[in-house]
Every structure is written in C-alpha cells, then in structure tokens.
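Coming up is one lone chain in structure tokens, specifically the form predicted alone.
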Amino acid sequence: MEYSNLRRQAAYMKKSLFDQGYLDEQFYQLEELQDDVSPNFVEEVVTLFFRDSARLISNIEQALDKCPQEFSKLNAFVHQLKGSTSSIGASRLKNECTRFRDYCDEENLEGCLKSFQKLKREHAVLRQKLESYFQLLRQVGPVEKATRPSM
C-alpha cells in the first residue's frame, strides 16, 4: 500500500476513535509531547497505561469477589483507574469509571458488577483499536507533528 494511503488510513482511524467517543482532547495533548527525541512517546505511554490498568482491573475483580464487598476499597481502585484513563484521553473508559464509582457510593453491588463488565469490554475494545492504530503508525513512520482532524 502506498505511503500516502497509509497516512490517510491512520488519520481516518484516529478520527473515528474520536468520533466514536473512545478518545478525547487529552490524547491530542499527549501527541503534542511527542518529538524527534521520543518519536514513540504516545505509544509508550499507552502501553504503560494498558499494563497498569490490567493490574487495576485485576484488583477490582478480586475486591468484587470478596464478601462482604468493601465499597470504599473498590472505589479507590476505580478512582485510580479513572485517573489513568483520563491521562491518555480514554473518554468512554473514564465515563464508565464514573458510573462505577457512583454505584460504589450507593453500595449497589449489582450496579458495580454490571458496570465492571462494561468497563472490561470497553478496555478490551480500546486496547484492540489502539494496537491497530499504532501498528498502522509504525508502517507510516515518524510524523512531523500531532494534527487535529478537520471537523
């Protein structure tokens, strides 16, 4: 596939991540930190996010399995996860973390369980989409500077 077609495909893929609500403005800010010295900065940050978030999701799952549930502990884990999702601009995940925390505040176990399942699905989908995006970017090669799609 021709270089310009790959670049167009990468731009379209990124735009669709925003249009579908997976990413928000924070992702652009991360891209603006990327430079010649750290050409893979965003991918490295996102890779660290997925490593850390997998650990937090495991902690949440363990806390949900305990009886009785410690909603304050669950809330603390989800708060950490929400902070991480915000730092990379993972909008849909951040919103689900907010819902989960609301259920924790209400001590609503059923709501927590449903929200957790949705959170895990959103996490898996985002991971797959971003892995595909970064794979395409590696084929395209270094980019001059972060660009925002025209609306």
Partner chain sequence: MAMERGCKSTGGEPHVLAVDDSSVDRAVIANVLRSSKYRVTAVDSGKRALELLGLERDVNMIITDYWMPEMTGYELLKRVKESSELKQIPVVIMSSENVPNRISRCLEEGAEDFLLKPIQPSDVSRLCSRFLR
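Residue numbers count along the first chain shown, from 1. Only a predicted model underlies this, so the values are computations on that prediction, with no experimental measurement involved.
Keep in mind that the form predicted in complex with its partner chain is not shown, yet the notes after this line are about it.
Among heavy atoms of residue 63, none comes within 4.5 Å of its partner chain in the predicted bound form. Heavy atoms of residue 45 reach within 4.5 Å of its partner chain in the predicted bound form, making it an interface residue.
Contact annotation for residue 59: none of its heavy atoms lies within 4.5 Å of its partner chain in the predicted bound form. Using a 4.5 angstroms limit between non-hydrogen atoms, residue 108 is distant from its partner chain in the predicted bound form.
Using a 4.5 Å heavy atom cutoff, none of 5, 9 and 17 lies near its partner chain in the predicted bound form. Checking 125, 54, 33, 113 for any heavy atom within 4.5 Å of its partner chain in the predicted bound form turns up a single hit: 33.
If you take 88 to 106 and check each residue for a heavy atom within 4.5 Å of its partner chain in the predicted bound form, you get 88, 101, in sequence order.
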